[in-house]
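Shown next are two forms of a single protein chain, provided one at a time as C-alpha cells under the names structure 1 and structure 2.
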Structure 1
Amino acid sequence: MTCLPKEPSGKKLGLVIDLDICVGCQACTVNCKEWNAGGHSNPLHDKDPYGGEPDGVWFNRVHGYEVTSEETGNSQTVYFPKSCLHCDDAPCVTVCPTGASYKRSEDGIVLVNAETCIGCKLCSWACPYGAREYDDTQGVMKKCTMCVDRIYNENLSEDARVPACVSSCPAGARHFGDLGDPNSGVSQLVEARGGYDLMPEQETKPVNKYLPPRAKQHMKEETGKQLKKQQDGPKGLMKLLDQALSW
C-alpha cells in the first residue's frame, strides 16, 4: 500500500550527519555503492565505469559547497553528503501508483519493491531531495535502504549492524539511530547541536537530520593588529637600525 502507515510504531531509524566534521573524503559513498551493489537492491548499475561517460545509480552523493558570509565576505567550505531522508510524510510513497514504494510502519524506512515497480519515475519527480535514481538496466527505481540488510543482520557482529556509510566514515561525521526516541544518542545529538531538516518548506518531515558547521573562528581585531605589526617590522629609527644591522 502506498498510503503512509496509519499506525507508525514511533520508531524512526535515520542518520544524523555532522557537517562540521565531514571533509568530503567519499568513503561513505564508495562503501554504500560497494555494499548495495550486492545487497537488497542489487545490482546497482554501472555503465561505462572506466569510459568517458560513466553513469550509474548511487544512493549517497557528497556535494561540495562554498558558503560566503554577506557581512564579512569570508567564505568556508562545507562538504554535504546527501542520501534518502526517509521522510515521515514521504511524497515519493503516496504518488506511487502500484504500491511498490512503501514506508515501513515498524521502523519508518522507505523502500521500493523491485518486483512490482513499473519504472514510471513519478516518485523521483515527487522527491525534492533527489533521493531516488532510476536504474535503466533493471527498469526500476532504486534508493537508499538504510542498509536494511545490515542493520538487522544477525550474521554480522553487533557493532557492524549500522548502515555501510556510517561504518566507513573515518571522521565520525555520520550517526545512526532511532530519531523517534527522544532519549536516543542521535536525538540528543540533534538537540545539543541544533540539528535541522533540509527544505522544511517542502513539508516532507525528513527523519534524517543535519548538524550545522560550527561558526568559524574569525580573527579578533587585536590579534590582527599584532600580526600586522610583526609582519611590517619596526618603524622609524628602529627600522633604520634594523636595516643597518640585518645585512
Structure 2
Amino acid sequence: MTCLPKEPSGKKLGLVIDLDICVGCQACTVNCKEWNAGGHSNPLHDKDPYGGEPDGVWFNRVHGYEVTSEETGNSQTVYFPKSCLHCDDAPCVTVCPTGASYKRSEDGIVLVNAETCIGCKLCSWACPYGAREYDDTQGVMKKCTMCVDRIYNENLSEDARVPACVSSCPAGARHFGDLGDPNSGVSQLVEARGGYDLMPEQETKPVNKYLPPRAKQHMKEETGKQLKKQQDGPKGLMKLLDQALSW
C-alpha cells in the first residue's frame, strides 16, 4: 500500500469556498472541465453527451439544497460545490496498491499517476466524499488536481496562477491559497468566518474549507443601518441598494 509523505512541508495549497455567496451558476464546473480536458489528467471523456443519459468525468460538482432554519422556519437555497479536499490523512492514498494515488510532500496536493493506476477503484471506495472519478474509457481513476499545471505555470501572469474554478467564479465565492500558513489570506478568512471541515468525523483532515451561510435577515438589517448612515451621495446609495436587492 502507499504511504503518505513522511516529512510533509508546512505548505498546504487548497480552496476556501464561501457557501454564503455561491449562486450555483456552474461556471466553476464548466471551466474546470475545459481546463483539465487538456491538462494534467486529460482527456476527460464524456459518454452520450447529447443523449438521454449523458455521463462523463467531472472533477467539480455543485449540489443544490433547500435549507430551513429551525429557529425562524425561513428557508433558503444553498449551493454546495464539492471536489477533492486534498486531505492530510488521505485514505485514497493509503489504500492504493500501486502507488498511483499519492500526496505531494511539497504542497499537499493529492494526485493520480495514470501510468501506474490499474483502475481497481479502491481509492473511490475509501474516499468518504465521493471525489474520485473513474474514466472507464481509459480504465483509470481521475480527480481534481488543484490545476497543478496552471498554478505553477510561469507563462501565465501571477494573478492567473489559480485553479480554473477560482478564476471563473463570478461571485468570488472561491478562494485559493496556502492553508498551512496562518497568516495567509485564506487562513485569515477561515478564522474570521468560522470556516469548517466537511465531515470532520471521518478524521481525514481535509485541507479545503467551507465558509457557512450567514442569516439573510441579519444581513438585510445591517444593510438597512448602512443605508441610514449613508453620507456619500447617490452613487454610494445605489451601490448599497444593489447589494440589498441581490440578497
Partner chain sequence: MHPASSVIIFTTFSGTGYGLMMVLLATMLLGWLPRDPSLVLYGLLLSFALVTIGLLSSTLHLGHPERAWRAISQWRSSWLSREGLMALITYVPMGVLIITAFMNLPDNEVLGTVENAVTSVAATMGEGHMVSQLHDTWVSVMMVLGVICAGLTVFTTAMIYRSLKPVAHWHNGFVVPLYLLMSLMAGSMITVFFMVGFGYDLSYVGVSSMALIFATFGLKLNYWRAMNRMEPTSTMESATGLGHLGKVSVLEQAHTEDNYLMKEMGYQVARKHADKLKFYYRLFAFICFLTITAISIWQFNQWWVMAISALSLIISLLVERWLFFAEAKHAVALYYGKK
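This one's a predicted model, so the numbers in the text were calculated from it and none came from an experiment. When a residue number appears, read it as a position in the sequence of structure 1, where counting begins at 1. For the two forms, the rigid core is made up of the largest set of C-alpha atoms that agree within 1.5 Å on superposition.
Of structures 1 and 2, the form predicted in complex with the partner chain: Of the two forms shown, it is structure 1 that corresponds to the form predicted in complex with the partner chain, while structure 2 does not.
Rigid core superposed: residue 98 CA moves 2 Å or more between the two structures: The answer is no; the displacement is under 2 Å.
Residue 72 CA shift between the two structures in angstrom, with the core used for superposition: The alpha-carbon displacement, core-superposed, is 2.9 Å.
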